[in-house]
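Take a look at this single chain, the form predicted alone, given in structure tokens.
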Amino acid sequence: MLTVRNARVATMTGAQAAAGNAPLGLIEDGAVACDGERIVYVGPSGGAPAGGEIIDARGRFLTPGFVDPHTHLVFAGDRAGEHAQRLAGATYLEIAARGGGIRSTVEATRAATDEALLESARRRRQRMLRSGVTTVEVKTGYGLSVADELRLLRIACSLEGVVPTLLGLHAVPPGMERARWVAEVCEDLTPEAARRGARGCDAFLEQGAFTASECRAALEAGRRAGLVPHLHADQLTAGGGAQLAANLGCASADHLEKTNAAGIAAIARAGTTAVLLPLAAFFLKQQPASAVKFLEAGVTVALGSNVNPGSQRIESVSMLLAAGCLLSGLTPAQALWACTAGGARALRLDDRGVLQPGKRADLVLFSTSDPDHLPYHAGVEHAEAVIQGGKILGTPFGDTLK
């Protein structure tokens, strides 16, 4: 038994769109008890079970483990030069047309050894874990052949706390006809990826990437194979991505910077989660998606980091929270909910993201008692202790663990 006592417990059981701290479902002087990998008690400290290990939180802020629903953690190479080109005025699509972008990462990733890819991805994952991200979605997409995509999937599956997603339609492989690649993804890659541990499938609907009909074919193939569908939608242009995600019953539509009112209404009706990636828009010098219009329509909003080599290399949780507030218009409480309960909903994980008996024992104890402090003091990681599956990954406050 492991019990965290005397904490400001954010259960994340409130409504996301509510005002103030209501989304947090706060319990003052609260406790959370874990038995193995599951939570067995959430409530006042006075009613917590006795015995076992005890962490005295001394009034600090306790949340569920963060769930990042959109990353591209497994890759090789560096695209800092492309970042400099964008700062000088080049667009993402212009850089891709010159041979940069996704294809440059594909070349570096194919050339890297399995050991190098695994070690670099593990370092990124560990940094995120130490900052409180206990669950992270990881996409493939930098292999662009059946064998290389399955290789990246295998590496992703070997990381701790990962939800692996097949991103077969990320770009057209060099030297291959696009129709042939779409057919290979649908007929060969997707069924095999499902057999080898993929949980989700994704596609990139955008000018210079793939069309709506191509993305539909790939995601329908994924759904037939038992995968949870997601869609890169409306990032650079208004391509009807949100409507397609809604029509396909996608768990999430991600990016959504260019989504119009009809698209918002569609995903609201479908119950599709809007995964906003404000750090990616910031990195690309674009206007981020506004969370307010999604919340007003009744859409669940999640925040994802979109960590990747080309358009977002910021791994900081506090920077993501700050961007969610300053750039996308969330309140601090709404942003925290988006990084926990929202992320879990985007991945259709019903066993985490909130603190309730029976849920996974993924917790983060922060160094502050004030939830508003986390997006305010950005660029600093505030997690004092991370508990993943009931195991303490960091011990807080010196002698308070008894």
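This is a predicted model, so every value here is computed, not measured. Throughout, we count residues from 1 along the sequence that is shown.
Heads up, the form predicted together with N-(iminomethyl)-L-glutamic acid isn't pictured, but that's what we're talking about next.
Enquirer: Taking any heavy atom pair closer than or equal to 4.5 Å as contact, tell me whether Phe283 reaches N-(iminomethyl)-L-glutamic acid in the predicted bound form.
Expert: Contact with N-(iminomethyl)-L-glutamic acid, no.
Enquirer: With the partner left out of view, is Gly241 within 4.5 angstroms of N-(iminomethyl)-L-glutamic acid in the predicted bound form by any non-hydrogen atom?
Expert: Contact check for Gly241: no, nothing within 4.5 Å of N-(iminomethyl)-L-glutamic acid in the predicted bound form.
Enquirer: Taking 4.5 angstroms as the cut-off for heavy atoms, does Gly310 touch N-(iminomethyl)-L-glutamic acid in the predicted bound form?
Expert: Heavy-atom contact with N-(iminomethyl)-L-glutamic acid at 4.5 Å: present for Gly310.
Enquirer: Flag Ile102 as yes or no: does it have a non-hydrogen atom within 4.5 angstroms of any non-hydrogen atom of N-(iminomethyl)-L-glutamic acid in the predicted bound form?
Expert: Yes, contact at 4.5 Å.
Enquirer: Quick check: do Tyr92, Tyr142 and His170 each get a heavy atom within 4.5 Å of N-(iminomethyl)-L-glutamic acid in the predicted bound form?
Expert: Answer is yes for this spot.
Enquirer: Just one of 227-235, 189-197, 151-159, 119-127 has heavy atoms within 4.5 Å of N-(iminomethyl)-L-glutamic acid in the predicted bound form; which?
Expert: Of the stretches listed, the one contacting the partner is 227-235.
Enquirer: Taking 4.5 Å between heavy atoms as the contact cutoff, choose which of Asn306, Thr135, Thr165, Thr259 touches N-(iminomethyl)-L-glutamic acid in the predicted bound form.
Expert: None of the other options qualify; the answer is Asn306.
Enquirer: Could you pull out the residues of 198-229 that have any heavy atom within 4.5 Å of N-(iminomethyl)-L-glutamic acid in the predicted bound form?
Expert: Stretch hits: a single one, Phe204.
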